[in-house]
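Given next, in structure tokens, is a single chain: the form predicted on its own.
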Amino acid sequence: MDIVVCVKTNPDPQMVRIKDREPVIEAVPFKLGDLDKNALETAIQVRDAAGGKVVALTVAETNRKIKETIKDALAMGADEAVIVDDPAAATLDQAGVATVIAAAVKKLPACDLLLFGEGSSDNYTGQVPSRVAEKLGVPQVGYARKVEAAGDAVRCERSMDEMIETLELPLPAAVTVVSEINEPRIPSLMHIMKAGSKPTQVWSLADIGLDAGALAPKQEVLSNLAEEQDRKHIVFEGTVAEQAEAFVNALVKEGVVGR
């Protein structure tokens, strides 16, 4: 089974600082999205059970050191990687990213199963998988908590409140997975060293038959600000009991709690 896993690199959220309500990402290292690692782990498990290969596919939207970051996917167990790296990719919106991914998948020799995380670690719109499935004309299942090969089909389970829904899709198909599906493996030193020798292809938009001018974003981000915090700097004095009483009274006055 030929499996393609779409992965995205994002700034490490643990290293991002907030200044004047805006994120500061200069000098922040990039990493594979945690949800993308769940999708990659799922692909590796399906490949090990059914045979085939796993291709990690990424669109270099912001990180110019994408080759180093994609090695994490190869170290985890992907057989090869494909990077769509083009200056125009830095301004793509979700529709543009989906168009690029669909075109890249069509250029690949084969793709039976297309896997995604349920959302990216930065914007978390969850739009791209459905858009790609629509462009490729393949069935899609979202929020799968179990994925397994079933001959010429893929069988998925997902939680539906008080019941578990089991679906079977003919291949080729697209599936998004939730974080609860597995615990991504941590590559050993040997696998990290071998990652550099695995095949990695770098394509431009022209290589996959796309014109950068036709991918102009249809949406504009007006602002991306952290929540504004207004500290009142109130000091409570007295005994512990008196401070506690004053603190509760202040919360009641602000309408945070009621009595």
Partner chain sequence: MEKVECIVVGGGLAGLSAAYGLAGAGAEVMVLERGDYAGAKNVTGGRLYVSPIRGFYPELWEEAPFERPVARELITMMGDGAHTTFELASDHLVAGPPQSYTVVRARLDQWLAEKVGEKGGMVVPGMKVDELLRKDGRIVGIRAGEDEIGADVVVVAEGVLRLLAEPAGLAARPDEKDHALGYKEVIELPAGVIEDRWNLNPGEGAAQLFLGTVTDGMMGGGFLYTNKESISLGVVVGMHAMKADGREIESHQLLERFKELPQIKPLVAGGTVAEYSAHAIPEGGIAKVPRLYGDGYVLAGDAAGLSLNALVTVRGMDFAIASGYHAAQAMLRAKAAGDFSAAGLASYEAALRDSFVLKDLETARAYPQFMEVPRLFRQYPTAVSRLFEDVFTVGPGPTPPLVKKAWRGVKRDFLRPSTLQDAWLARKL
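Positions refer to the first chain, counted from 1. All of these numbers come straight from a predicted model, not from anything done at the bench.
Heads up, the form predicted in complex with its partner chain isn't pictured, but that's what we're talking about next.
Contact flag, Pro187 vs its partner chain in the predicted bound form, heavy atom cut 4.5 Å: Because a heavy atom of Pro187 falls inside 4.5 Å of its partner chain in the predicted bound form, the answer is yes.
Exercise: Pro29 in contact with its partner chain in the predicted bound form, heavy atom 4.5 Å: Yes, contact at 4.5 Å.
Contact of Ala212 with its partner chain in the predicted bound form (heavy atom, 4.5 Å): The answer is no: Ala212 has no heavy atom within 4.5 Å of its partner chain.
Heavy atom of Met15 within 4.5 Å of its partner chain in the predicted bound form: Contact with its partner chain, yes.
Option touching its partner chain, based on a heavy atom within 4.5 Å in the predicted bound form, out of Val221, Ile234, Met193, Ala206: Only one listed residue qualifies here, and that residue is Met193.
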